[in-house]
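Here you get one chain, nothing else, as C-alpha cells; it is the form predicted alone.
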C-alpha cells in the first residue's frame, strides 16, 4: 500500500515505516557528528522511549554515551493491514541501528504504568545488563490505570481557578481563533496529577531499588516544562503544571531514597518542541510557530535531539534553579527571545499567520514525527505491511 498522512485534529493516524526509520537515522547521525561523551553511564533504562524526548534520550545514550539500553514504551504494531504507530516504527529502527553498532538494545512494548511491565523490565535488566546506571522517565499519556486498585485516571488540559481565553491555531485549517477553556475541578486536577505527576516515577524507582538493579551511584531524571507567560494559564499554572509540581516534589523524595546507593534524582525542565504530546495542548502549536521563527533567527533553535545531546553531554550538570531543577529551557526563556515572541503574539491573525510565524516549519516538524516529509524517502513507493 502507499501510505499518506491522514490528520485528525492534533494527531496523524498514519505513520510511514521508511520515514520513521529515516528520522531515527538522522538523529543518530547528528549525535555521531557531535562525538562520544567520555566517562558516561554505560547501562541506561529509558521509560517512554519511542517518541520525542524519550526517543532522543535513548539515541544519545546509545550513540553519544555508547551505552547499552533498555527502552519501555506502549505502541501499536501493524494490525489488519494498517500501519503501526510512529513510535513502534521508531523503536524498531532504533533497535536495528543499535544492534548494528554492537550495542545491547532491549525493547519492551507494554503499559509502563503496570507492575507487570515493571517486573518484566527488571527481569530484562538482570538478564542483559545486570544493573543500570541511569534511568530516564519520559512518559506522556492521557490516562493511567492504578496497578493496585484498577482505577483509571484521565488527565485534562485545563486552567486552574478561572477560565482561560487566548488565541490558538486550528492545525487542520490554519485558522487563528480564540479558545475558551473552563477551569478544572478538584477531581480533574487530582486525576491529572495521578497520570502526569510523580507517583509512577516513584513506583518505578522503588521496584528497581528493591530488585537491586540500580547500580551504585545510579541517577534518575524526569522531564518537565514550564514555558513563558503566554502559556502559563494552560500549562505551568494549569492542571499540567500541578502535575509537574508533584513531579518536582517526587524528585526530592527519590533523592532521599537513593542516598543508600549514592544516587540522585532530578527534574530537567526542557524547552518547547514539537512532539505528539505538545501538539495536543491548546495554544502551544501557535506559540511554537512564533518561537521557531524567533529562535531560528537568533540561531538558538533546538529540536529534541539537539536538546538531549546538550543535556547528556553535560552529564546533567547544566544550570539549576532554586528548586534544583536543571534548566534546559534557558535559551527559550532568554529575555530577548521572549520579548520578540510577546511583540508578535497579539498581532497574529489567520491572514498573516505565515508571515509573522514559522507555522510552515511547525507543520513540517509535526509530519516528521510520523515519518512524512523526510528527504531520501520515496512516498509514492508501495509499502508492504506485516
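Note that the structure is a prediction, hence the values are computed from the model and not measured. Positions refer to the first chain, counted from 1.
Here the subject shifts to the form predicted in complex with a small molecule, a form of this protein not shown in this document.
- Interface membership of residue 51, defined by any non-hydrogen atom within 4.5 Å of the small molecule in the model of the complex, is confirmed.
- The small molecule is not drawn, but in the model of the complex it has a heavy atom within 4.5 Å of residue 271.
- The small molecule is not drawn, but in the model of the complex it has no heavy atom within 4.5 Å of residue 157.
- None of the heavy atoms of residue 133 is located within 4.5 Å of the small molecule in the model of the complex.
- With the small molecule omitted here, the record of contacts in the model of the complex names 42 to 50 of 28 to 36, 317 to 325, 42 to 50, 353 to 361, defined by a heavy atom within 4.5 Å.
- Candidate site formed by 73, 138 and 225: every one of these residues places a non-hydrogen atom within 4.5 angstroms of the small molecule in the model of the complex.
- With the partner omitted from this view, the residue of 183, 110, 252, 303 that lies near the small molecule in the model of the complex is 110 [heavy atom within 4.5 Å].
- Listed residues 166, 171, 276, 248 were compared with the small molecule in the model of the complex; 276 is the one with a heavy atom within 4.5 Å.
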